[in-house]
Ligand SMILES: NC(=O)c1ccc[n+]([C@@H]2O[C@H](COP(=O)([O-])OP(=O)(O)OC[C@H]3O[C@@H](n4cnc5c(N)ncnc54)[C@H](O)[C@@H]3O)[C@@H](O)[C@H]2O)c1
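Okay, so here's just one chain, in structure tokens, the form predicted on its own.
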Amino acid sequence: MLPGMDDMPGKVVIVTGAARGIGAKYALAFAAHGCRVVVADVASTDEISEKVGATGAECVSVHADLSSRVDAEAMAAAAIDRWGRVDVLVNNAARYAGLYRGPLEDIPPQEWDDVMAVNVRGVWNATAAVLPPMRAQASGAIVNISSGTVLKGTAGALHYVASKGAVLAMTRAVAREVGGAGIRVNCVTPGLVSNEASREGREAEFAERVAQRTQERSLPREMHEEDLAGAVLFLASDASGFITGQNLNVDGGTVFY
């Protein structure tokens, strides 16, 4: 267990987009710290549920398309029905893998709408769904996953960058709105992670992109999924109990923000 995480055992944590990749790593990290975990995704969560269960942690698996408020509320209800509370929401679900990259005027309109539906409306829906139980218990932590592309003004993926910029803005607005209820809301902006989602659809150029990002970093190495878990755990824990409305940039020292 990480230092300062003594409060984590027994907490009820919802991780969206948990079926694979970074979301799966978050779910396993919370499980390793004794949390009870809801793994939610539009894809099958059977594999990650088995892995979480193998750690000895309690786990609930939920199929959820978070562009739907009904699905988001069902996700929160699954936690309430099983454990009677929601302590942490990690808003990780997002459209990213395989998205169009190129001039903004050529972004397919349907892809633009799909990205906004999941990356922005999905965060809104999931947040709205967990607020009633968090308000009732007068506590809670929401950790939103944005992107370092927002801080760099990355070109060639305007729909994705705009959606993640909205996540950062929403973090601050929601923190103001719910702080009086004892709920904290913070954000993480990851750099380029060397994983399947980043490679998908870009295999030919990926090695070059990783090499370039590595040279830009103050800590000159590739970034891996495991590099993000500590930041998310910290913001979910009482160790960050007087921190809200903030962004924690995790990119090996590329952007100082």
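When you see a residue number, it is the position in the sequence shown, counting from 1. Please read all numbers here as calculations on a predicted model, not as lab measurements.
Keep in mind that the form predicted in complex with this ligand is not shown, yet the notes after this line are about it.
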{"item": "Any non-hydrogen atom of residue 184 within 4.5 angstroms of this ligand in the predicted bound form", "value": "no"}
{"item": "Residue 65: touches this ligand in the predicted bound form, heavy atom cutoff 4.5 angstroms", "value": "yes"}
{"item": "Non-hydrogen atom contact residue 112 with this ligand in the predicted bound form at 4.5 angstroms", "value": "no"}
{"item": "Touches this ligand in the predicted bound form: residue 11 (any heavy atom, 4.5 Å)", "value": "no"}
{"item": "Residue among 141, 86, 129, 94 with a heavy atom within 4.5 Å of this ligand in the predicted bound form", "value": "94"}
{"item": "Sole residue of 57, 28, 192, 229 within 4.5 Å of this ligand in the predicted bound form, by heavy atom", "value": "192"}
{"item": "Location of this ligand contact in the predicted bound form, chosen stretch of 96-104, 173-181, 77-85, 131-139 [non-hydrogen atom, 4.5 Å]", "value": "96-104"}
{"item": "Partner contacts in the predicted bound form for 18-36 (non-hydrogen atom within 4.5 angstroms of this ligand)", "value": "19, 20, 21, 22, 23"}
